[in-house]
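Two forms, one protein chain; structure tokens for each follow separately as structure 1 and structure 2.
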Structure 1
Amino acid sequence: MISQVFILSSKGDHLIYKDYRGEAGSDVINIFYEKVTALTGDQPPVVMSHKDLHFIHVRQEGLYWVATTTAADSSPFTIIEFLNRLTALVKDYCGSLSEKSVQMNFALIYELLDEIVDYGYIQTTSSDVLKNFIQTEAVSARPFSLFDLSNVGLFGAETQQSKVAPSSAATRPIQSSREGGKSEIFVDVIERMSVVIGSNGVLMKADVEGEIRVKCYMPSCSEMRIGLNEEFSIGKSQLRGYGAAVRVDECSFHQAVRLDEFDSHRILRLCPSQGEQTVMQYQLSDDLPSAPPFRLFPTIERDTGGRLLMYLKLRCDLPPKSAAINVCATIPVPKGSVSLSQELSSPDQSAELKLQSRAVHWMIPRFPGGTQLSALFKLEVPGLSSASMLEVGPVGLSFELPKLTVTGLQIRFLRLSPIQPGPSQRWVRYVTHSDSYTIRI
């Protein structure tokens, strides 16, 4: 049960405060802020307690979204999930998520909070249902409303990945020459891969987490059918079709998805609600259908002048038609590294030494499949010892693979019924991000 919900700016200003159960006063806001700012690095910040009150919070867009509870049996899981939904709702309703947009739309947010939670019990977080109750209209800093399409991004990219891989493809719609207000539907297939390649070049771990997201701006669509590859199979034993199987280990669906045609034809049926939703999530572990997209061949030695030489060859094993973009390799270097000189194989690449994070960042804006790039880094490290050579590595890669899914999952078709009157547009987009791509040295 949720006792209070409040939203704080990163500086601790009170933006929204809603008390549901009268169990604690508003003074706890400041207590929370003191606690959360006093935490040290290794203390888990998720759940904190003050006397009988437990704070549970998430951080989104620099804001603290906090819920408090007093009941021991309340579930932090539920509350975190709820807070994440709340941020998504506020984003859907206000257009964007920032201190300013929250401040400007406080009346709307209060109204939302009133409808989605009653006496601490979560009622609904579905935008479809809420639409019937919400009266206040959003105020936006930028000139667009909730259903203005100019803020439509590739949704998965806006959560965790925006920090790692700023993706132009992900934030910009494929075609920008659209008039607002047209009915449109977006289906995005987003995959995140975690890979560990050992120092001997052996693939030690490879996981893919994927999801299909739908963002719908189609007021009169009662049902849509999404067809996946027919050879799509779940679990280890099951194989379908004649071609190479597209296989995942585990699959979960949004509860509005009807699966009666899934087993036979791999078709998902659903009635999309306005706004954004994750229709299907899946994952694949330890069994990539193709080679991992990048391999690294490092040579690390000490030259006669006591400098650290790192000669790195990076190969992209994607199909030749594809390319990775925004590739960034992070190479941890020994403590006390002072300066870096570099020789890169093409002019569009760049590299710099970040002293704060003790790492060299090697940036490659575009990396076509089947090619190889190399870089020579010379590091000035006073007092370089053989032990400090061990501090080099492991190399972390972040990148983005547009128009590609590593599992091979494809959308065969996207059908809407009834047939849409007037012009409507359907978009299907694919992208694969690095979640954690580590190459050990």
Structure 2
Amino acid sequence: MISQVFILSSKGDHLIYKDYRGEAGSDVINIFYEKVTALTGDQPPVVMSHKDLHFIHVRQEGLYWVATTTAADSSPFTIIEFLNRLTALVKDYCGSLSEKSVQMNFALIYELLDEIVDYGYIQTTSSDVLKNFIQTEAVSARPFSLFDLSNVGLFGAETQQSKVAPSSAATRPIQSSREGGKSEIFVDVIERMSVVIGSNGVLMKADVEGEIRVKCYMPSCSEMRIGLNEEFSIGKSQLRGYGAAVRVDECSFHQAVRLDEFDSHRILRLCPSQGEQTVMQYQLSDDLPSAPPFRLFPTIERDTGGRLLMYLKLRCDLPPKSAAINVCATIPVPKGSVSLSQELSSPDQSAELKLQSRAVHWMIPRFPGGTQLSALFKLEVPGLSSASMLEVGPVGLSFELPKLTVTGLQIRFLRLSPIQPGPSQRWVRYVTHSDSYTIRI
């Protein structure tokens, strides 16, 4: 049972505030922001408490999406799922998640909150149901231009090095499909990988979680057929023939997906609703079909002047025509580190010492496959000893691999029946994110 829902900017500005039960005053907004900013580290707890009130929040696109409850038996996981679904709805209707889009569409968001929650009880978060009740038109925060690609990412996110321009549907409000506009469907194959590599270079753990997500901007419902790899198998027992099989350990489907052609032809059939929905989720545990995308070769020593020297060689083992973007290596360093000097192998790289998190952050905007980059870091650490040198590492990597899936899952075809009248476009996109990529030193 939810007492309040509010949205705050990263600076604590009140963007949206909805009180369903009158169990707490509006000062809880300031209390929450004081608690969340007073915490050390980059990952505050999702659930926090103040007297009898519990704060549950997620952070999306720099905004805090918060729900409060006084009920001791409320499930935090249910409320977290509700908040995630709320962010997806706002993105569907407003076109993007940003402080500006929330401010410009506050009336629409309040109307959404009135429909999806009644006196603290969640009613529905289905775009297909809500489209019959929501009357407020969305205001586009920023018109899309094909000629302005400087800050457009793979899925409309702002990145420095992206070269991919999405269609205007990526930032179009959901209502636009009812205005006689062009019909478009996006199928996104998104994978997140968790990897642990030992200090000897041996792969110790590798897990991949993936999903197929459909974003539908069509005026009417049509049956969609999504063809996966013919050699796609679930579990080792289903491996077929001697070809290069695409294997996962577990797989689940949305309740709207019909599987009568899945076993024989690996085809998913569904009638997509407007908005966004995840039609399939899968997982691969303790296995990778190819080598990990990155390998690190570190050398850690102390020079004659008492400085800590870290010489790092980072190799990208992706195919030569592929590239990783927004690569960031985080290297924990000894306590008391005061300054950093650096020598990087290319001018587009950068590095900085963050004293609060006690780590060096090495940023690489674009890393082509089959190449190797290096960095020499010299740290001033007063009183450096052999024991404090053991505080270096492990190295954590974050990155994005556009146009690539680690499992090898591909969409063979995407067909609609009956064929839609008027112009329609279909887009298939792939991306792999690092969920946790750890290399021990």
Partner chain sequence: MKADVDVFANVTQSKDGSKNRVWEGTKAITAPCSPVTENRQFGSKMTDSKYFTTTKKGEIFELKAELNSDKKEKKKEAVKKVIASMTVGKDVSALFPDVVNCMQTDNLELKKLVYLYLMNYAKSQPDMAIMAVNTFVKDCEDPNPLIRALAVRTMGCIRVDKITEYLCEPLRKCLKDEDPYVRKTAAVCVAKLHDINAQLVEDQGFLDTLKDLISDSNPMVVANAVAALSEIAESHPNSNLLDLNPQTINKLLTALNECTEWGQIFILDCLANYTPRDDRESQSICERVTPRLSHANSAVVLSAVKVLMKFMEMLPKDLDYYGTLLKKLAPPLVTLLSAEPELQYVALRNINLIVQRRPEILKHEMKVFFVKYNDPIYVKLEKLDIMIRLASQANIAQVLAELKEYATEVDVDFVRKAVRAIGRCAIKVEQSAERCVSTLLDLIQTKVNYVVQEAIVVIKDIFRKYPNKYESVIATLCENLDSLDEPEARAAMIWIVGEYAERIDNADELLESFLEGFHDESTQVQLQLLTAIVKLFLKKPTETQELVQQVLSLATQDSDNPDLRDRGYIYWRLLSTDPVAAKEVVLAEKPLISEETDLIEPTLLEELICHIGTLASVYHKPPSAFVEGSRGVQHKRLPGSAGSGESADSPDTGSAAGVSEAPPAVIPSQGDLLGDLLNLDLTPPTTSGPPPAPSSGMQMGAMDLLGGGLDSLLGGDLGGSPAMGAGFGAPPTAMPASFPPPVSGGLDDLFDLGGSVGMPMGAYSPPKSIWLPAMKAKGLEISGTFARRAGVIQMEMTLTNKAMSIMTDFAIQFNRNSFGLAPAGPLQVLTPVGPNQSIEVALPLSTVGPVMKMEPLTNLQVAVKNNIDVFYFSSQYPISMLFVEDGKMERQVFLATWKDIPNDNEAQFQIKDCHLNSDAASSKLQGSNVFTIAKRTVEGQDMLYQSMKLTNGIWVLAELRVQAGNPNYTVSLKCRAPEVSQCVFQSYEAMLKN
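In this text, the rigid core denotes the largest set of C-alpha atoms whose superposition between the two forms falls within 1.5 Å. Everything numeric in this text was worked out from a predicted model, so none of it was measured. Numbering for residues begins at 1 and runs along the sequence of structure 1.
Asks: Please match the form predicted alone to structure 1 or structure 2.
Replies: The form predicted alone is shown as structure 2.
Asks: Core superposed first: is there a CA shift of 2 Å or greater at Leu401 between the two structures?
Replies: It does not, since the Leu401 C-alpha is displaced less than 2 Å between the two structures after the core fit.
Asks: Compare the position of the CA of Gln277 between the two structures after a rigid core fit and state whether the shift reaches 2 Å.
Replies: No.
Asks: Can we say the CA of Ala291 moves by at least 2 Å between the two structures when the core is superposed?
Replies: Result for Ala291: no, shift under 2 Å.
Asks: Taking the rigid core as fixed, quantify in angstrom how much the C-alpha of His14 shifts between the two structures.
Replies: After core superposition, the C-alpha of His14 moves 9.2 Å between the two structures.
Asks: Having superposed the rigid core, state how many Å the Cα of Lys131 shifts between the two structures.
Replies: Its C-alpha position differs by 3.2 Å.
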